[in-house]
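For reference, the chain that follows is the form predicted on its own, supplied as structure tokens.
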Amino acid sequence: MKQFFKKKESTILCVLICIIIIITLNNSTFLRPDNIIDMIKGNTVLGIMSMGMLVVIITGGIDVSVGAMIAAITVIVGKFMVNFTGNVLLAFLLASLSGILFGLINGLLIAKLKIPPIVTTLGTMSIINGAMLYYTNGTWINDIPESFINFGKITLFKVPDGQGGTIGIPIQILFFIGAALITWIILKYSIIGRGIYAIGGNPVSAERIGYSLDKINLFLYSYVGFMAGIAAVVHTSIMRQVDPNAFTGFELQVVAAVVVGGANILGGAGTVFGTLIGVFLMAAMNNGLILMHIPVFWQKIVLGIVILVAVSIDVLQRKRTLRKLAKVDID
């Protein structure tokens, strides 16, 4: 228990609890089961994508092309379903392969050409966004097949809601849970997971003990692409249509959720549990602002403040740690 309260995640969890209490005191609707489920469902794409971003940030990298990738994949899958079939398995397969391809391109540019991740992903983000706008002309894709729409309506574990209806877990939330479990297993039990933390701590030392920086980068960015593919299909199943412009600026929310969840933007630290708290914190703030009838533009202001505060805390903690190490070396 003492070890838990020393961790960064414990502080974030306390902040989340305080925010929940404040919102609930202003509007008791917040803690209603149907609102909680709707809030989680509405943030499943953020949650899935945060799992992909987490593994990249732990290494000290970043991928700002995630919003563009999701938008492109929704267009690819949407066009495929409208023109060919609404088969759910084929939609997921096409989305996953498309995402892995996008991620692999980022990974190759970073690993082989040694272009910094921020520059690489800014470039691919611009290219993908431009290509999608040219291809779609900003037009929405409707007429999604009924079979796929029915998939998006699936609700499991239904129970009476006490108001004459039923309440259950939407299928989209299960994909969020699955993404979190896969990421947790990779980071905790795989050799690649140990390599991810090693590279984030010290890339030179990691290579000296046998980890291939190039191979891990290829895996990382392909994994982000894979998560983008899953997120794209989940998003389409919720919205039942495709908006090519739906994810403009989405990468900021993803980075914010991961960094607020305790991942160090400079690399070397971050957990799935902390990222989950970060996602729920972002979701609670957005939902709470709506319930308290606070103008929508405040959401962006709050998001910016959260990013600055979280990164500042990380930088200050890193400097404090380095000063302590310097004192030990001198002594």
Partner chain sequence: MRRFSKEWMLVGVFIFLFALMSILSPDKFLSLNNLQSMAFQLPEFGLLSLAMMVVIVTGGINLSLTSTAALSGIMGAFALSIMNSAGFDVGLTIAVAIVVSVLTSLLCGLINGSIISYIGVSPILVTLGTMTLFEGISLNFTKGGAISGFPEQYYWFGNGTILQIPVPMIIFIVFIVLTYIMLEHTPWGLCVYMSGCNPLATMYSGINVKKVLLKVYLFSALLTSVSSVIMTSRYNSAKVDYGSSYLLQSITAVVLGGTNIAGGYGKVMGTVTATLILQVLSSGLNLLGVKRYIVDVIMGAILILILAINFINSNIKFKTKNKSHNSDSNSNLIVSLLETLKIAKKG
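Quantities reported herein were computed from a predicted structural model and do not represent experimental measurements. Residue numbers count along the first chain shown, from 1. Under this definition, the rigid core comprises the largest set of C-alpha atoms superposing within 1.5 Å between the forms.
Omitted here: the form predicted in complex with its partner chain. The next part is about that form.
Of the candidate stretches 147-155, 166-174, 233-241, 120-128, only 120-128 has residues with heavy atoms within 4.5 Å of its partner chain in the model of the complex. Looking at residue 320, you'd find every heavy atom of it more than 4.5 angstroms from its partner chain in the model of the complex.
Using a 4.5 Å cutoff between non-hydrogen atoms, residue 304 counts as a contact of its partner chain in the model of the complex.
For residue 300, a non-hydrogen atom is located within 4.5 Å of its partner chain in the model of the complex, even though that partner is not displayed. At the 4.5 Å threshold, heavy atoms of residue 256 reach its partner chain in the model of the complex.
Judged against its partner chain in the model of the complex with a 4.5 angstroms heavy atom cut-off, the residues 108, 142 and 293 are out of contact without exception. Screening 246, 93, 252, 104 for any heavy atom within 4.5 Å of its partner chain in the model of the complex leaves a single hit, 252. Checking 204, 89, 159, 181 against its partner chain in the model of the complex, a heavy atom within 4.5 Å turns up for just one residue: 204.
If you take 50-82 and check each residue for a heavy atom within 4.5 Å of its partner chain in the model of the complex, you get just 62. For residue 39, a C-alpha deviation below 2 angstroms is recorded between this form and the one not shown after rigid-core alignment.
Comparing the forms between this form and the one not shown, the C-alpha position of residue 294 differs by 2 angstroms or more, with the core used for superposition.
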